[in-house]
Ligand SMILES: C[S@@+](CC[C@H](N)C(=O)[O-])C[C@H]1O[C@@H](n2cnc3c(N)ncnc32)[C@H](O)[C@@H]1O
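First comes one chain, alone, set out as structure tokens in the form predicted on its own.
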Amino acid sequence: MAAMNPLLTKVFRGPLDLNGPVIGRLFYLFEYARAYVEERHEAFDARFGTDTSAPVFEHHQKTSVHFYVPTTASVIYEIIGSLPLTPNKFTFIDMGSGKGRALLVASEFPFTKIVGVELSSYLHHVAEENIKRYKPSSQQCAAFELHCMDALDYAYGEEPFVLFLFDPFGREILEKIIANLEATLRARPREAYVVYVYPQYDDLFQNSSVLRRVREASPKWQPWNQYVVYAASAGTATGDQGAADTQLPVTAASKAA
């Protein structure tokens, strides 16, 4: 799947990036309205007493780091639920974790650890408070690690992992994120999945020699809920397709959890 129409991808890249300096603030207003409507429909924060819905465009916002908007909760449930994960084996990592919604949803699955990486100290603090409040009966993992740091400085552990990205970075930073990801998988081959929601720069992942696409979703009229899933395995990193040959179901539209 082309993550977005190629013409639109070219138009909205660079200075016209939806998170960039030209129309970024207008897009922020749209995202604010979208988040308000989705919260009324899904009531994620209302149910759990958390603060994950409202977008945040900070005054010192760098154009290379996109402003915070929440991922649709039902889409996060759908994506994680579709992954063939061995219980209590994988770490969940959200780069650009913002207020922590994806971390909270991930805690309802049997991960060994849940890691949030966020540059903004404000968003990092909000996520910490949200984790304290989030205590659903369905929670299966309460081992959270939140890091207020540059995602480019994050050091992967040796365990299998799921890397979650909701369009957190511009093209240049994402290229470096992928380079770091490929380096760790080559150095220590292991199972891994990469989830990329609203995949503006999916071509960067398509060019990877370590990752292969195993799932995609393109709901009509909801580009913010488009996503692709890539997989790697010990075999993939060493030249043998191995477990990465497993193809997850392809969906044309997101489903409610």
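Nothing here was measured: the structure is a model prediction, and the numbers come from that model. All residue numbers are counted from 1 along the displayed sequence.
One more form of this protein, predicted in complex with the named molecule, exists but is not displayed; see below.
Colleague: Exactly one of Tyr230, Tyr201, Phe44, Phe67 has a non-hydrogen atom within 4.5 Å of the named molecule in the model of the complex; which residue is it?
Modeller: Going through each option in turn, the one that passes is Phe67.
Colleague: May I ask you to choose, among Leu119, Ile178, Val115, Leu163, the residue with a heavy atom within 4.5 Å of the named molecule in the model of the complex?
Modeller: Selected residue: Leu119.
Colleague: Given the stretches 81-89, 155-163, 136-144, 98-106, which is the single one in contact with the named molecule in the model of the complex, using a heavy atom cutoff of 4.5 Å?
Modeller: Residues of 98-106 come within 4.5 Å of the partner.
Colleague: Hey, in the model of the complex, is Met149 touching the named molecule, heavy atoms inside 4.5 Å?
Modeller: Contact with the named molecule, yes.
Colleague: Looking in the model of the complex, any heavy atom of Leu123 within 4.5 Å of the named molecule?
Modeller: Yes.
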